[in-house]
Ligand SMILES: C[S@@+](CC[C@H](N)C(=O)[O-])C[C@H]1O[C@@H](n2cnc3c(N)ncnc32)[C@H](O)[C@@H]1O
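In the block that follows, a single chain appears as structure tokens, in the form predicted alone.
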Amino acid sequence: MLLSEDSWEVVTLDLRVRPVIKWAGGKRQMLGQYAPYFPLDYRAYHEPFLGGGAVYFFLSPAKAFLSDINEELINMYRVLQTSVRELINDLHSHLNDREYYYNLRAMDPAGLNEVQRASRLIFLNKTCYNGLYRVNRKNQFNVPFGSYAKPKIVDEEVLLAAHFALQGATLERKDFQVVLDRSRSGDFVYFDPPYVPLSRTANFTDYTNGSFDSREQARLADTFHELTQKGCLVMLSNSDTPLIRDLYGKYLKGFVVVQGVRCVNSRGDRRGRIDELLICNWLK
């Protein structure tokens, strides 16, 4: 059923606001542990590694600056913000079929309009194996078909809720250091970067065709320090590793150990709970 012009205006205020897509490292399952540490009062919210946006949708701040380096992801959020009715209608055209999936996966998104690109991303995310977003060095999506019986490709309630939650947000495809230009004293900044791997085989940073190595982690730590000096409230999540403890050692009193869930591995026996760090620069 397509969303009509009339039904578009009939919405309720209690729509569920939750992530539209599944994203590796997504924080929806962590919100219960994070919630006690979110600041209650801040001027504006910044999230430079937006991903699935679980923390943003949970907080639903009135004013936000959201960014990510992934071009397809930011396009999807912009379409959600401005053209959700067209997006929903396009999503209804997709088929949960293996051949259709691989044909659409092989398609160059540059040849599609913005709504079609956003629709393609959501469809692939809902029907690919394990809901995993991964690209190769040519920036081509390369996750196999998931063979799910009845994937919920079109969740109108969630899409509409996300649309309304995004109305106060500025969306940009930018490097995380854009936050230095956008932020002001009293702002809340949340960093959820690609995590430092716990082992050589645990690394997963293929959200784009770049990489987020130890040099990038150090650059992020420098940004965290600069924001602290500006008077921003800064929170960062990452794996509990010697590198992270060294980079953020001056905030030792702001270290909170939480139980993360590793869920992107294709093998079930390699998923499970692991220690993660939540670092808050205002905890004394």
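One-based numbering along the sequence shown. From a predicted model like this one, the values you see are computed outputs, not experimental measurements.
What comes next is about the form predicted in complex with the ligand, which is not displayed.
- Contact with the ligand in the model of the complex, defined as a heavy atom within 4.5 Å, holds for exactly one of I69, L243, A44, V258, namely I69.
- None of 58 to 66, 35 to 43, 215 to 223, 243 to 251 except one has non-hydrogen atoms within 4.5 angstroms of the ligand in the model of the complex; the exception is 215 to 223.
- Within this chain, D175 lines the site of the ligand in the model of the complex, having a heavy atom no more than 4.5 Å away.
- Remark: L233 does not count among the residues lining the ligand in the model of the complex, judged by a heavy atom distance of 4.5 Å or less.
- Contact check for P193: a non-hydrogen atom falls within 4.5 Å of the ligand in the model of the complex.
- In the model of the complex, the ligand sits beyond 4.5 Å of every heavy atom of V17.
- Across the proposed site, P48, G51 and A54 without exception bring a heavy atom within 4.5 Å of the ligand in the model of the complex.
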